[in-house]
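Below sits a lone chain in structure tokens, taken as the form predicted on its own.
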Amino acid sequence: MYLQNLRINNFRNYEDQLIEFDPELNLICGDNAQGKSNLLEAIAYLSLTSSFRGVKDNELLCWNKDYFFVCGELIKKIEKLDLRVGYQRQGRKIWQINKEAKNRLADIVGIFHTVIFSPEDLLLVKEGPQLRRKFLNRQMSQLYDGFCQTLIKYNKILKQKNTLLKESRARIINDEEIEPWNEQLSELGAIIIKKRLDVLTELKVFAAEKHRILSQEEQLDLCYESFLPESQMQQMTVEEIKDALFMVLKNKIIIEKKAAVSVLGPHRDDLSIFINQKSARNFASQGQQKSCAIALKLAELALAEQKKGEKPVLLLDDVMSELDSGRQECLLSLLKRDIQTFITDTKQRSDLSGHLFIVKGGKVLKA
């Protein structure tokens, strides 16, 4: 699978641009603040219909514009797909596949699979659990049909429950008012947790393998932290997890009323990372933490290829400058030439041969 071309209109500092890409390696070079990361963000937006930098859609609009759209022609085996994602300032989003309108986010996420590695991802180990949940959710939404929709429903219900809990500061909330929300959160939460556990079983193997190469035989392990031990939940069905989660939520009602927020569920879970059986977050050096982050991203790449039978597109956004020469060399040696890769950098690299693009002032020129 590869992205043949991209059309960007009114996205960030790109007013109107059509770019043809190489099926293998694309080097995006230029000074800072010219639009290199914006270009990769547009590619990722076509894949995920959201910014991997965590900003809102209206912040992606070109100055004084009322809409933006991103279009791309995607080659998947012998099939060519035309994808289009757009946004209007009023909040309306447009999703199209081969010019056919789609009504749900879940209908387009997963069609164009990307793996993104940005400087933020180098903080996967040392920062809080939100980044690690995002890492899991982003890849699983692309891997599993329906997961994205389940996650959207869960977050919507969670928001409604939290609104009710906040009302407890102004009036007495009966337990019976909270129970229906807990029932729905338990049902959807159990599906999310079970899927995460399933994907983690395979992700562990790939991550450990990649990390051994990067770190010269250090042992990497991953553990899912939830309301029950991972080993116990691995033996449980979705229905059993749902029942157990509902009972725990029921026992947390008093605590949640005081906190005015839901304190338990997959939105609070974490992915713990260990090197040689020690917490990487607490004991690993900065270099070791970066090696862990690289291993996780390469594992995501390998898992996507195994699950979907096709290679995703890899986006490396300004990560090379964050790595020492040894880790740069290891990362590049682990990349497969038959995976379309985009690399942004402030300077041209003599150690890489690929199609070179120069970005200046929101314009992309082929060198």
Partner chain sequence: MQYRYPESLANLIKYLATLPGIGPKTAQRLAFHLLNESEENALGLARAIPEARAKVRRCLVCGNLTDGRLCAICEDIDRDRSVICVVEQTRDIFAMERSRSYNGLYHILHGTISPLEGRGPEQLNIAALMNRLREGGVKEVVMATNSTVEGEATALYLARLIKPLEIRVTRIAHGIPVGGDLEYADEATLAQALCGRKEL
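Nothing here was measured: the structure is a model prediction, and the numbers come from that model. Numbering follows the first chain given and starts at 1.
Just so it is clear, the following notes concern the form predicted together with the partner chain, a form of the same protein that is not shown.
Novice: Looking at E240, E179, D82, E202 here, can you tell me which has any non-hydrogen atom within 4.5 angstroms of the partner chain in the predicted bound form?
Specialist: Flagged contact: E179.
Novice: Considering K278, R92, K156, K258, which brings a non-hydrogen atom within 4.5 Å of the partner chain in the predicted bound form?
Specialist: By the 4.5 Å heavy-atom cutoff, the listed residue in contact is K156.
Novice: Specify the contacting stretch among 263 to 271, 111 to 119, 166 to 174, 68 to 76, defined as having any heavy atom within 4.5 Å of the partner chain in the predicted bound form.
Specialist: Going through the listed ranges, the match is 166 to 174.
Novice: Does the partner chain get within 4.5 angstroms of any non-hydrogen atom of G128 in the predicted bound form?
Specialist: The answer is no: G128 has no heavy atom within 4.5 Å of the partner chain.
Novice: Is E230 one of the residues lying within 4.5 Å of the partner chain in the predicted bound form, judged by heavy atom distances?
Specialist: E230 lies outside the contact set for the partner chain.
Novice: Test of understanding: in the predicted bound form, would Q288 fall inside 4.5 Å of the partner chain by heavy atoms?
Specialist: No.
Novice: May I ask you to state whether F246 is within 4.5 Å of the partner chain in the predicted bound form, using heavy atom distances?
Specialist: Looking in the predicted bound form, residue contacts with the partner chain include F246, since a heavy atom lies within 4.5 Å.
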